[in-house]
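Only one chain is given next, in structure tokens, and it is the form predicted alone.
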Amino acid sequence: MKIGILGPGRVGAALGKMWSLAGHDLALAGSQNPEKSQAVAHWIGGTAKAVSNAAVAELSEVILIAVPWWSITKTLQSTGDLSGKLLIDAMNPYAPGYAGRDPDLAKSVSVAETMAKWLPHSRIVKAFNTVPDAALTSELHHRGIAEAPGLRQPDGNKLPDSAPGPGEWPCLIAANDDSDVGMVETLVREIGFTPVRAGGLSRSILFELGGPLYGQRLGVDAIRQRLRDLPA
């Protein structure tokens, strides 16, 4: 599969590395720092390459969006037409500098639903926003892989001892189309994590920043139980 990554930071780079090892082609774009994208592409290896935002749209079937929420408008403007593309929204609605939730986004509205409104001809799937970069770093280390140059996991951002171990982390997914969910479930399993269906796109509000499932370091069974306990 041809996968594009908009925002190859710690999350995007780690996912790209593991997807490349699974045999996928990767195109990376980081509009703020093209040199960093080139370094990450070199670290990923295989067929990975650093390109422009617009080239990601042209070259990819599936695109992971892992840029900071406050930069999404600029990112989309430079990316161009995304009609028909499956977009994996891995963002959380942080205000600039990660200073709490974006006050301009209503608390009852999710990033994923906002993206669907902005891009009605794209296929939006919410996923990976609850998988912390520390869990991805742990998975890389479990495979004997060091972090990408310049993207080292901060020492203060460690997982608690009670958190799921390598290969055990749940990945919540929300979307309105079952076939799109199925494609993302495959990508989740290929990195050794377990997909957990949360329901339609409106349910993404439950596990974005500010929702009851955001920041929970729970295993698969526990997160599924929490989902069942929440209103449909």
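Residue numbers here begin at 1 and follow the sequence given. All values derive from a computational prediction rather than experimental measurement.
Quick note: we don't show the form predicted together with a small molecule, though the next part is all about it.
Contact between His24 and the small molecule in the model of the complex at 4.5 Å, heavy atoms? Looking in the model of the complex, residue contacts with the small molecule do not include His24, since no heavy atom lies within 4.5 Å.
If you check in the model of the complex, is Ser138 within 4.5 Å of the small molecule, heavy atoms only? No, Ser138 stays farther than 4.5 Å from the small molecule in the model of the complex.
Please run the contact check for Ala66 against the small molecule in the model of the complex: heavy atoms, 4.5 angstroms, yes or no? Answer yes; at least one heavy atom of Ala66 falls within 4.5 Å of the small molecule in the model of the complex.
Taking the shortest heavy atom distance, is Gln32 within 4.5 Å of the small molecule in the model of the complex? Contact check for Gln32: yes, within 4.5 Å of the small molecule in the model of the complex.
Okay, which stretch from 102 to 110, 77 to 85, 124 to 132, 139 to 147 lines the small molecule in the model of the complex, with non-hydrogen atoms inside 4.5 Å? Looking at the partner contacts, the answer comes out as 124 to 132.
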